[in-house]
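A lone chain, given as structure tokens: the form predicted alone.
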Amino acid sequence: MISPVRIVFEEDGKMFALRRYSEALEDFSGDLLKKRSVDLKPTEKLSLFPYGPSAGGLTESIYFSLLTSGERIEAMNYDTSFKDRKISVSGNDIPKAVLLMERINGIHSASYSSLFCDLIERSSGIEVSQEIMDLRILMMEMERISHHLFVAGRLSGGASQNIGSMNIYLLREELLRIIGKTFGHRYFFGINKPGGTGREIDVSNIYEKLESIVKEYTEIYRTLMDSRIFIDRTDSTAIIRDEISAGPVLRGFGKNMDGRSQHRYYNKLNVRISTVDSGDSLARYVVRSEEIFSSWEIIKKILERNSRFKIMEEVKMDKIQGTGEKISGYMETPSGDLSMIVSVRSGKISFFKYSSPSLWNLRVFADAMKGNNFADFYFGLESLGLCVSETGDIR
């Protein structure tokens, strides 16, 4: 099976593409995937219902236009421009570009900055140690657990499982405090640098705390899976079976695909990929929960071989001049595959393009809502774990 195209660009009259889970650019002659647009036409029986960009139940600023007979959704459009972010990465020196990279999607900062630094290092022939790769894996897997806990809290709260929801949020807050104390920032800002990191990070005291969080969530997970109310609200809602989707959405309809399993950072870690066949909101919740447990398995392996990450001097920026060659790659964020192309010339970013998982998952969600009731909308949306900030105009 050929992976979907994630990035397409034109240069010198030729088209190039980067596919999912790829580090190689290829010539492109296919049809471009145009921006999704559905003409919603009201009729005598169907009306347009506006929802958002700021409304009860929405954590993200998205305007949804629903064509509905009152309960059943017949078609849907969306508009993310209310939170449109215009960020120029190109033209900046590398330290400024790394700072911007952390803030494209702040709650996935470790994933974004790890990929960006990896591309910068590869563009300059910089070999990084296993210790640096382990540190990045540790941050990204803790980031994954944090994000999946947030999604689990939203879903369980929406199903009126309030005690479970509040306990999940409490576990996430405990995790963020551990991250903040250990790494100096709750979302890992300022850690990643090309060639290493400038901070000494002591992880010798976090094993038991993380283990406790995972054990407590295991009990909550079992309770929710025994809850008839929770199952009824999430089962068979917003079914997605579109292969352009990403991450837990993709694995939620049985696709055994996870970028970590083939990424060199994760070599020999034997990433356990969790899949469910049904493609609904419940399936995506189960995948995320199982990934919390598999992330903990990965974290344990990292902690077994590293108790303290010593200060690793970053590469001097004047050593990274670049040749303008385009370096491409990917990283599996908590929401799915992030693809990126970067080039450096004269010490500055001369070219930058990226493709985020939220961009694709929002697209498939809009199509998946047809035939669902409005009461299902919340669970379909929250099961995606969208971050609208990463769908903006960033170049």
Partner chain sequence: MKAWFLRSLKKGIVTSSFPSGKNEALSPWATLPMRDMSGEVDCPVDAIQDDRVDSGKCISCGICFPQFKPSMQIPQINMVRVEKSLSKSMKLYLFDSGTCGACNLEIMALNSPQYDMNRLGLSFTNTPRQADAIMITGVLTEGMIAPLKAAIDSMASPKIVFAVGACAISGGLMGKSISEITGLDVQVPGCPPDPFVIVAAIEKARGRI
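Numbering follows the first chain given and starts at 1. Since the model is a prediction, treat every value here as computed from it, not as a measurement.
The following text describes the form predicted together with the partner chain, which does not appear among the structures shown.
Checking Met133, Ile244, Ala75, Ile107 for any heavy atom within 4.5 Å of the partner chain in the predicted bound form turns up a single hit: Ile107. Only one of Trp296, Tyr187, Tyr266, Phe253 comes within 4.5 Å of the partner chain in the predicted bound form through a heavy atom, and that residue is Tyr187.
The chain is drawn here without the partner chain; in the predicted bound form, the stretch among 270 to 278, 297 to 305, 214 to 222, 114 to 122 whose residues come within 4.5 Å of it by any heavy atom is 214 to 222.
Although the partner is absent from the chain shown here, Lys83, Lys96 and Glu174 each have a heavy atom within 4.5 Å of the partner chain in the predicted bound form. The partner chain is not drawn, but in the predicted bound form it has no heavy atom within 4.5 Å of Arg233. A residue is said to contact a partner when one of its heavy atoms sits within 4.5 Å of a partner heavy atom; Asn167 meets this definition for the partner chain in the predicted bound form. When the partner chain is considered in the predicted bound form, Gly329 lies well away from it, no heavy atom lying within 4.5 Å. Using a 4.5 Å cutoff between non-hydrogen atoms, Ser261 does not count as a contact of the partner chain in the predicted bound form. Residues of 190 to 213 placing a heavy atom within 4.5 Å of the partner chain in the predicted bound form, in sequence order: Gly190, Lys193, Gly198, Arg199.
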